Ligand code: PLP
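This document starts with one chain, in the form predicted alone, laid out as structure tokens.
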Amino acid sequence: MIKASKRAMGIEYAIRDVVLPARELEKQGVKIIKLNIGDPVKFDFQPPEHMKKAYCEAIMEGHNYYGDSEGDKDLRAAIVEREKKKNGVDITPEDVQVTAAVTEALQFIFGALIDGGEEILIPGPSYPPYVALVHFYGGVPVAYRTIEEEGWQPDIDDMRKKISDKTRAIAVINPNNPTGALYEKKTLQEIIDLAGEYDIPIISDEIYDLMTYEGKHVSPASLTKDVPVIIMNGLSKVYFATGWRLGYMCFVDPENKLAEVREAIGKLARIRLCPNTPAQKAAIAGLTGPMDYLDEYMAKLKERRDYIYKRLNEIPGISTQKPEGAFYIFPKIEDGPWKNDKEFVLDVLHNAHVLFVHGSGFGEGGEMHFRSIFLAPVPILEEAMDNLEKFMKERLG
């Protein structure tokens, strides 16, 4: 047998890994309520009409060629205007790199920062590619604590303790996946100050930036004076175009400290040729067009957030914090016979026929938790919660 690389074989992606046992049940005719993958388009959400029309027109008008490696110049200009309006940052199109979604942006950033043994500070728990990709490039992901009792806000004291001479960057996912936390402005300023003290850049994942409920998103890039911040964003969430796989990164770097990193990222971008050309044309329509659809979508999500939050806290053996952003909730398994959270999730799958993701799949801090989406309409969430409640009552006697 020809062996695969250890780095590739070591990659895990819990969100999709749990689908495999669910498929086996479906083959047997079992109906599974899937609350594992954060894809709005699998439910009653779609990209706005003007974006879909622009995508089709781009294809029919012949925009099916290789584009520039850094991205379409008009799209980069639209991104600049979007980021200036949203975050008040002083950037130019030369500070923007278009990518195949945020995942490719992460690949570029980690590929440019890591030679072998370097450390990236990530929130614990964290979106799985942060752990997997840092490992893949030979680095070490180091989780900083987030405080569940405080709505999963980052623990700045713990973050300070985790910084070493090998730390290359601090990653911030806000609003957060998997917890749904929305970080406070004061906390973000403390992270900026800490990064400045140790001369470390910040990687800011802002893919859910306009998907908030009671509060408003604040970007660390809007607070920085001299600390470099790499903003990552894209079309998948706020613009509801998950399958288009288009994103971007912006370098907010007042003192040009990231010059060499940017050069390395440019090399990585050129070797993969270019992002999706017609999708970029559609992205221009999205970034410059109306966003009135978002009010309707967020009203639906808030109703679903409120429902699942209430129901989960009423189920014996489970408690949860209220998410303030995105469309995830991260409950704690307070009681039960399970040795670990993966055993819990598989037991729920096989006996309640609801598919969640085990919390340990999101790394340190996720143990004995599970993640659920709340994208589904309330009747589907109600059926899932009814199944879960019955299951927990049976397990707890």
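As the structure is a computational prediction, the values presented were derived from the model and not from experiment. Rigid core (definition): largest C-alpha set, two forms, superposition within 1.5 Å. Each residue number is its position in the shown sequence, starting from 1.
Separately, the form predicted together with the named molecule exists; it is not shown, and the next lines address it.
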Hey, of 146-154, 232-240, 271-279, 250-258, which bit sits against the named molecule in the model of the complex at 4.5 Å between non-hydrogen atoms? 232-240
Report yes if any heavy atom of residue 132 sits within 4.5 Å of a heavy atom of the named molecule in the model of the complex; otherwise report no. no
4.5 angstroms heavy atom contact with the named molecule in the model of the complex for residue 160: no
Applying a 4.5 Å heavy atom distance criterion, does residue 177 contact the named molecule in the model of the complex? yes
If you check in the model of the complex, is residue 330 within 4.5 Å of the named molecule, heavy atoms only? no
Identify which of 120, 308, 75, 173 has a heavy atom within 4.5 Å of the named molecule in the model of the complex; exactly one of them does. 173
Exactly one residue in 284, 101, 218, 112 has a non-hydrogen atom within 4.5 Å of the named molecule in the model of the complex; which is it? 101
Are there residues in 194-231 with a heavy atom within 4.5 Å of the named molecule in the model of the complex, and which are they, in order? 205, 207, 208
Quick one: once the rigid core is lined up, does residue 375 have its C-alpha move by 2 Å or more between the shown form and the other one? no
Please say whether, between the shown form and the other one, the C-alpha of residue 15 moves by 2 Å or more once the core is aligned. yes
